[in-house]
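Just the one chain here, the form predicted on its own, laid out as structure tokens.
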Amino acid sequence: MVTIHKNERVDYLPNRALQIIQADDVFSFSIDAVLLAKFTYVPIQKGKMIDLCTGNGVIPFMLSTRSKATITGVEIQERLYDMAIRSNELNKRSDQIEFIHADINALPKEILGQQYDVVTCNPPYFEKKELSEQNVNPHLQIARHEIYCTLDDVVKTCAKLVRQKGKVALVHRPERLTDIFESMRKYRIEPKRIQFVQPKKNKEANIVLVEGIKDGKPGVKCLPTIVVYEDEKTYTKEFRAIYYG
């Protein structure tokens, strides 16, 4: 029997096949994480993948529906790590997925000693200097702001972990795209695929998905933009197919 603590709840992931433990006072998964899990190329039958800043484990769980590769999730916040562990038990995915409680800037030797086919990350979006005094919840501050890791830290760690010609996939804000490209090339990750996500057709993109290859050849493809909402409450047909498919 998996323990569900007070103020926690069990939600279904979009595919309805898996469940995840969540709570309102810590960072819950959003469409960003689901889109990243659907966007990145994955090995189908075998291989190794690792997800940094994994939170409560949503990306590893989503990836496990697309691949038989082993998947590791790394999370610095103990409470989110504990929720991921219990969600793993709930979904009976422990043979495929493991979670590590660690700082991505101080990973254990058993992780640093491996090479992964795919490295994914949904990192904190906002620089530490943008930290608002209005948000005093430390769990949300850590998830949203670069308190424990910067964007450059994330890309540097991804480059250490990914094998030669392996893939690194990130989700972020479009205003940080130049920073993403600069860091990727600094650490020999060549950007290869990007895709923007707009909340509505007439709105600016507020999400960008980027995938690079370790020591890949220059040349980037820009995929068709994803539009999320038809109106205030209705998802577009295209987004529904990606999100629930």
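Everything numeric here is computed off the predicted structure, so don't read it as measured data. Numbering starts at 1 and follows the sequence shown.
Although it is not shown, the form predicted together with another copy of the chain is what the next lines describe.
- Message: Is E190 part of the interface with another copy of the chain in the predicted bound form - any heavy atom within 4.5 Å?
- Response: So E190 counts as contacting another copy of the chain.
- Query: Does at least one non-hydrogen atom of T234 fall within 4.5 angstroms of another copy of the chain in the predicted bound form?
  - Reply: Although another copy of the chain is absent here, T234 would stay clear of it in the predicted bound form, with no heavy atoms inside 4.5 Å.
- According to a 4.5 angstroms non-hydrogen atom cut-off, is A17 in contact with another copy of the chain in the predicted bound form? Heavy-atom contact with another copy of the chain at 4.5 Å: absent for A17.
- Message: Since only the chain is shown here, I'm wondering whether I31 would be in contact with another copy of the chain in the predicted bound form (any heavy atom pair within 4.5 Å).
- Response: No, I31 is distant from the partner.
- Since the chain is shown here on its own, which stretch among 49-57, 63-71, 216-224, 33-41 would lie within 4.5 Å of another copy of the chain in the predicted bound form, judged by heavy atoms? Careful reading of the contacts points to 216-224.
- Query: Tell me, which of E78, E175, E110, D95 has a heavy atom within 4.5 angstroms of another copy of the chain in the predicted bound form?
  - Reply: Here the answer is residue option E175.
- Item | Residues in 179-207 close to another copy of the chain in the predicted bound form, defined by a heavy atom within 4.5 Å, in order | Residues within 4.5 Å: D179, F181, E182, R185, E190, P191, I194, F196, Q198, K201, N202, K203, E204, A205.
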